[in-house]
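The chain that follows stands alone, in the form predicted alone, written as structure tokens.
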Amino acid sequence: MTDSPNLKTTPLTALHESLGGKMVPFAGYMMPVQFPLGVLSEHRHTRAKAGLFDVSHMGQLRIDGHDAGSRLETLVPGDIVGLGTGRMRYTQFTNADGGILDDLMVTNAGDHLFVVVNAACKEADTALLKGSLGKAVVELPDRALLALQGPAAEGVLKTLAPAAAEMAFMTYAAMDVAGIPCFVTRSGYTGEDGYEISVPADRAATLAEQLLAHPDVEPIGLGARDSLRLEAGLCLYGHDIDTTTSPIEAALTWSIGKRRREEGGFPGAVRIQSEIANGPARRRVGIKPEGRAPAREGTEITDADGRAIGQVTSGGFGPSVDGPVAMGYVETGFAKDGTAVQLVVRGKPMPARVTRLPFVAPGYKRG
């Protein structure tokens, strides 16, 4: 399957196959959905110790120039100018209607901005950036990206890069990891403490093997990555957020700094500022089914009388909470924590309640 001319591979594909990874198409790439340990055990291992994820399919770019922050702010609502050196921030590309084109991570690396975008959107994102910022935007196709996630991540990584232990959540540093020059951020998308490591593509397999040699580390596939981020209440682009949702509807108002809220100057600012001031018509919420049946993406959400009030955008079994969990959008009047709703599963209304996100307490290491 990895020989398909229409699918790309990552620098770790051969390693995944040697480890027994089950490879599936994802965002134009062949990626491991699980390893012999299995999705459930991979999820639980990451929560208990440390999991290693290949996220090399994501787009990595550099934005050069002393005015890179102010220029990027014409495309995103996040405060990039105010981002301190060595700090990173989550934001979104928005369109003229206030919808979300993609979400991304932006890091102030000192003499440039380091940007990571989603795999499925990276061509469109790159075109958007280059169309607005020109030659200041440099693609980094010669780099792979590894995510080491879980409460044991710090202990594992400091054996190869002692300085990593001194980093706090949402910070960046350039450092050698096992003698390999890397860009390291203390971040991830599982709700756990951990790191994302940008490494030269031709050294990625070597680094991955050294990390996997630690007894606390197991390779983790896309299946567990999805259940981990769902329990953590984190959005998946194309599911929980897209061009029809605004950052305010998506409960991402926290990602828009005070200055940007007041000044605007980004695509869709009129709608977004109005929703901040007056509230949106719908909101993304957590949903906890009262039974054991999971509610999958697309499940209709109704009130007690059976009137449609929203839809599930992500749902499944949450191994850490030992039960089904979901996220979705409901009319704002039903968004309060504890509100009783119904989920129409296989044509049958099932009781559920709106609940605060995340479903599991985050394990981030703050400053």
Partner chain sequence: MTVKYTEDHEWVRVEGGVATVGITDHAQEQLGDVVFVELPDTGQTVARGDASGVVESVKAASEIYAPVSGEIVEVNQALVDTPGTVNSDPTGAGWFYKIKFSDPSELDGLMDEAAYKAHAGG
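Bear in mind the structure is a predicted one, so any value in this text is a computation, not a measurement. Residue numbers count along the first chain shown, from 1.
Although not depicted, the form predicted in complex with the partner chain is the subject of the following passage.
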State yes or no: in the predicted bound form, is some non-hydrogen atom of G268 no more than 4.5 angstroms from a non-hydrogen atom of the partner chain?
no
Please determine whether K130 contacts the partner chain in the predicted bound form, using a 4.5 Å cut-off between heavy atoms.
no
Look up in the predicted bound form whether Q34 has a non-hydrogen atom within 4.5 angstroms of the partner chain, and give yes or no.
yes
V39: heavy atom within 4.5 Å of the partner chain in the predicted bound form?
yes
V354, L19, M350, L357 - the one with a heavy atom within 4.5 Å of the partner chain in the predicted bound form:
M350
The one option of R296, K158, R87, R259 with any heavy atom within 4.5 Å of the partner chain in the predicted bound form is R296
So which stretch, 197-205, 132-140, 260-268, 285-293, is the one near the partner chain in the predicted bound form (non-hydrogen atoms, 4.5 Å)?
285-293
Contacts from 133-152 to the partner chain in the predicted bound form (any heavy atom within 4.5 Å), listed N to C, are none
